[in-house]
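Next up is one chain by itself, shown in structure tokens, the form predicted on its own.
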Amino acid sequence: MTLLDFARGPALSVALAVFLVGVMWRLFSLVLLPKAPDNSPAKADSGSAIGQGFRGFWRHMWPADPYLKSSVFALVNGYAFHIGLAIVVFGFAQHIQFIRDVFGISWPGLPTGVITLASVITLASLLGALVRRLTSPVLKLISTGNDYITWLVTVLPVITGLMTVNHLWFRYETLLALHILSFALMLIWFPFGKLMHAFLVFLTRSRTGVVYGRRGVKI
């Protein structure tokens, strides 16, 4: 078995299984947690829970006005990363082929030049986030190993993907195997690290909106 065969076969299969089971376990364990009853009366104009949940999620898409000026870099860099990564993951033809093989759905891909530009922007945003974390006294103080491991397993697929597309330094088969292995590593870490934020953000922000709405907090 070659390295590419191993990456495409056992490594990716195990990683997908860990990812799916881990994500479902995290979501169900959160949803099924016992909740203390809120015995306070709901405000008359609180509206529906669905509406409050949506408003709570939408409101937290940007910082409050008093903190906007000090959060410009984090805000712009965060959106650059998320949008760039989404373009790479869902716009690259080979990624779409992988999604079709797993889930049976597909759509047209974007030009390679667009994917390369998005990859470079994503990589730059990740490097910018790391520099900010290492130089900001507050972020440096509150950062844990989880933050740095999550950054590493996120940046590796981006770097190896750029290397693979541009045929840098190694044979294409080797580069592709490294890219798949780095992706598998990210899938395995996903449920246990801060990447799980990609799923939990919908629950936590919406729940906050519901609680605020019930108590009459304007958001």
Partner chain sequence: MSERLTIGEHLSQRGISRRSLLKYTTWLAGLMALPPTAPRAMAQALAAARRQSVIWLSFQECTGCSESITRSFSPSLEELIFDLISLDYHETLLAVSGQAAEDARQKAMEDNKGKYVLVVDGSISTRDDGVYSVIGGKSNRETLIECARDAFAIINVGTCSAYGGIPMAKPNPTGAVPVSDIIKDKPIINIPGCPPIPEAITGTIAYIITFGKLPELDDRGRPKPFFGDNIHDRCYRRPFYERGQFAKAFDDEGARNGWCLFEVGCKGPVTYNACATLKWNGGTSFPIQSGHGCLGCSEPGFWDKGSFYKPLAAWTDKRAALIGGAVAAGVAAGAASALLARKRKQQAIKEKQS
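No experiment lies behind these values; they were computed from the predicted model shown. Numbering follows the first chain given and starts at 1.
One more form of this protein should be noted, the form predicted together with the partner chain, which is absent from this view; the next part is about it.
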So in the predicted complex, does Leu16 come within 4.5 Å of the partner chain, heavy atom to heavy atom?
yes
Would Val201 show up as a contact with the partner chain in the predicted complex if we use heavy atoms at 4.5 Å?
no
At 4.5 Å between heavy atoms, is Val120 in contact with the partner chain in the predicted complex?
no
Using a 4.5 angstroms cut-off on non-hydrogen atoms, would Ala80 count as touching the partner chain in the predicted complex?
no
Per-stretch contact check against the partner chain in the predicted complex, the hit in 111-119, 82-90, 125-133, 144-152 (non-hydrogen atom, 4.5 angstroms):
111-119
Applying a 4.5 angstroms cut-off on non-hydrogen atoms, the residues of 170-193 near the partner chain in the predicted complex are Arg171, Tyr172, Glu173, Leu176
